[in-house]
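Alright, two takes on the same chain below, each alone as C-alpha cells: structure 1 and structure 2.
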Structure 1
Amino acid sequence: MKSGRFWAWVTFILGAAYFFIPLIATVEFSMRMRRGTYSFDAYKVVLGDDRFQATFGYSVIVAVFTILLGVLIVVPTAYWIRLRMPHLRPVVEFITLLPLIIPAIVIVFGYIRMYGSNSPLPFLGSTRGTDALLIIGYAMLALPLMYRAVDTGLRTIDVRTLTEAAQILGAGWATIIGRIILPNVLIAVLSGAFLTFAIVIGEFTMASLLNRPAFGPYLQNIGANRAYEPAALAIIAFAITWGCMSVIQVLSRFAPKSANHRN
C-alpha cells in the first residue's frame, strides 16, 4: 500500500512535469521579446494587431453560427430518436461517429470538389456561400461531441413522460421542444457548445483550404513569420481552451441529476 502510493506520486509528478514544462517554457519565451528583460511586449503586439482582431472576431462569429447549426440539427434529432424512433438509434450513432473516422481534411477536400462554382450547388462561388460551407464543416466536426452531450442530457430526464405530460396539458410541438425539452437539456447543450467553441476557434485545416480569414490560418501565418508572438498566441489559445473547459465544469454542477443513472 505504502509503496503503491509512492509510485502513484512519482507517476503523477512526472506527468505534471511533462505537461507544465512546455507551458512554462512558452510563457518564458513569450516574454523574451525585449532584449535582456522580461516584458509583455509580444502580447501587446499581438493584441494590437488589426489582423488578430479581425480573424479572431471572424472565428468567434463562425463558432457562434456553428453552435446554432449544431443545436438545430442535433437537439430535434436526438429528441425524436429517444421519443419515437429508438430503432434508428444505432444508425444515427454510427453517422455521428463518422467524423471521427473521416479526417477533416478529407471532408473539406470533398466539399471543394463537390460544391465548386461550376457545380449545381455552387457554395464556393460566393464569399457568403464559402462561409456557410465552413460553418457546415465545423458543425460536422463538432457533431460527435454535440450529439453525445445532448443525448446524455436527454437520458437523464425522462423525455417520454415530460412530453406526454406536456401533451395532456395541451402543448404543441414547438412549445414542447422550446419550453420543456430545451430548458431541461440546456446544460448539456451549453457544454457541447463550449466544447465546439474550443475546437472551432483555432481550427486550421478547413479554414485554410476554404481560404477564409479565420484565426487558425492567422496563427499559422504568424508562426511562419515571427519569433515571439507565436508563443504569446499559444498562451492566449491555451487560456481560451481552459476558459471553455472551466465553463463546462461549472455548468455540469447545475445539470439535472437523474434518479436512474449515477452519471
Structure 2
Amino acid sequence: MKSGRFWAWVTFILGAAYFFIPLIATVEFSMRMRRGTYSFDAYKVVLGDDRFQATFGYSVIVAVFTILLGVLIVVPTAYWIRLRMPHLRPVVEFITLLPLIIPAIVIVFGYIRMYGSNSPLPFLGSTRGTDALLIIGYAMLALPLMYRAVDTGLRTIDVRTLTEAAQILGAGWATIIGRIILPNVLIAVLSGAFLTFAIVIGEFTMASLLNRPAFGPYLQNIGANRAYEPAALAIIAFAITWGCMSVIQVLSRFAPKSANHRN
C-alpha cells in the first residue's frame, strides 16, 4: 500500500511538472519584452491591438452560432436515436467520427469547389454566405465531441420514462426536448459547447482558406512575425480555457438532477 501511494505521488508530481513547467516558462518569457525587467508590455500590446479585438470578437460570434447549430442538430438526434432507434447508434457514431478522419483542408477545398464562384450555388460570393459555410464547417468539426458529450449525458437519465410522463401530461416533442430533456443534459451540452468553443477559437485551416478574419489566422500571423506577443496570446488563451471550465463547474452545481439521481 505504501509503495503504491509513493508511486502515485511520483506520477502526480511528474504530470504536474510536465504541465506547469512549460506554462511557467511561457509566462516568464512573455514578461521579458522590456529589457532588464519584467513587465506586462506584451499583454498591453496584444490587448490593445485592433486586429486582436476584431478577430477574437469575430471568432466568439462564430463560436456562439456554431454551438447553437450543434445543439439544434445533436440533441434531437441523440435523443431520438436513444429513444426510438438504438439499433442505428453504431451507424450514427461512425458518421460522427468522419470529421476526425477527413482532414479539414479536404473539407474546405470541397466547399470551395462546391460553393465557389463557378458553382451553381455560389455562396462564397457573399460575406454572409462564407460566414454560414464557416459555421457549418466548424459544427461538423465539433460534431464528434458534441455528440459524445450529449450521448453520455443522455445515458445518465431515463429518457423513456421522462418522455412517457411528458406525453401523458400532453407535452409535444418540442416541449419534451426543450423543457425536459435539455435541462437534464445541460452539463453535457455545456461540455460539448466548451469543446466547440475551443475548436473554433484555435482553428486555422478553414478560416484561412475561406479568407475570414478569425482568431486562428491572427494567431498564426502574429506568431510568425513577433517574439513575445505569441507567448502572451498563449497565456490569454489558456486563461480563457480555464475560465470556461470554471464556469462549467459552477453551473454543474446548480444543474437539475435527473430522475435516476433523485431516486
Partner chain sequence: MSDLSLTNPAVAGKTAPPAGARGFRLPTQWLGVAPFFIFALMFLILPTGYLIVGAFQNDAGEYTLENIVALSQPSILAAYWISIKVSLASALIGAFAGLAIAIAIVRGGLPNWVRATTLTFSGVASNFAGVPLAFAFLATLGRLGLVTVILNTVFGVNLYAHGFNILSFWGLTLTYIYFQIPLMVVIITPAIDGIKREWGEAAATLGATQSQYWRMVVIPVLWPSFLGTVILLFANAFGAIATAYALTGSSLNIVPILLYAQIRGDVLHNPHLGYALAFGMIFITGLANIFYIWFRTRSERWLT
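Being a predicted model, the structure only gives us computed values, none of them experimental. We call the rigid core whatever largest set of C-alpha positions still superposes within 1.5 Å between the two forms. For numbering, take structure 1's sequence and count from 1.
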Quiz item: Structure 1 or 2: which one is the form predicted on its own?
Solution: 2
Quiz item: Rigid parts compared between the two structures: I136 grouped with I21?
Solution: no
Practice problem: Can you give me the hinge-style rotation of the smaller rigid part versus the larger one between the two structures, in degrees? | Solution: 8
Quiz item: Taking the rigid core as the frame, how far in Å does the Cα of V10 move between the two structures?
Solution: 5.2
Self-check item: Rigid-core-fitted C-alpha displacement of C244 between the two structures (angstrom)
Solution: 2.9
